[in-house]
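Consider the single chain below, provided in structure tokens and representing the form predicted alone.
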């Protein structure tokens, strides 16, 4: 449980996350631990905003003087339309997950992909430069990862998705580098990423957490296998990959590192990564 920081006052600067649902979010614990560690008079809250009202919430943040806004599903596209200015990355993805207030202007960015790559480099010891990558999925998170891997210098990115039309959208983000493939292509990949929700724990479907998004026979020694799912922290895919000799990267890293990037965007301060990691792990659902 997160305890409010002492000394909150009318001068305390506010940041928040909007999403639906959002009450399960680890972000308040992560950011409030970071603000306290750096000695900043900031507080971070969570606002459950119904689908269809994400743009209204982003615009309201300007009126309320909220200095930093994290945006999660299903509001990232609405946030992209509501900001006054967006980074090239956010424009390419048509998705904003980080909003900062610069005077009267709202500036949008997308830290999901860079957060994932930072997790690969810092947590997994893996640099995507010149590597062959396979991404499972073509939704918002998958597209952010495809773009970030291309920006990081991957030599090939194979997108595997059930719906070909959606896969084409992801592939278009990295022309000349990305292509549509099949799960068997994982056998030749240096990096395999599960960017789907397969393997996520769900109270109404306990079997879901034991599902694999790909046949483990395609995985083995010399590969890095990453999952964006962090509940459970160690997914069935990561267990299977590790048992076959692959190096694994847990999904919590993407969450922590994208939050660290947002922290620096908002405050101008280096993020206290170790403390953010500790807060994330301490508040993981059981």
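The shown structure was predicted, so the numbers you read here are calculated from the model rather than taken from an experiment. Positions refer to the first chain, counted from 1.
One more form of this protein exists, namely the form predicted in complex with a small molecule; it is left out here, but the text below deals with it.
For the options 80, 191, 157, 142, the residue carrying a heavy atom within 4.5 angstroms of the small molecule in the predicted bound form is 142.
Contact with the small molecule in the predicted bound form, judged by any heavy atom within 4.5 Å, is made by just one of 93, 138, 186, 178: 138.
Of the candidate stretches 221-229, 237-245, 32-40, 50-58, only 221-229 contains residues with a heavy atom within 4.5 Å of the small molecule in the predicted bound form.
The three residues 166, 196 and 200 all sit with a heavy atom within 4.5 Å of the small molecule in the predicted bound form. Under a 4.5 angstroms non-hydrogen atom cutoff, the small molecule in the predicted bound form has residue 251 among its neighbouring residues.
Within this chain, residue 210 is remote from the site of the small molecule in the predicted bound form, having no heavy atom within 4.5 Å. Interface membership of residue 214, defined by any non-hydrogen atom within 4.5 Å of the small molecule in the predicted bound form, is ruled out. Within 4.5 Å of any heavy atom of the small molecule in the predicted bound form lies no heavy atom of residue 118.
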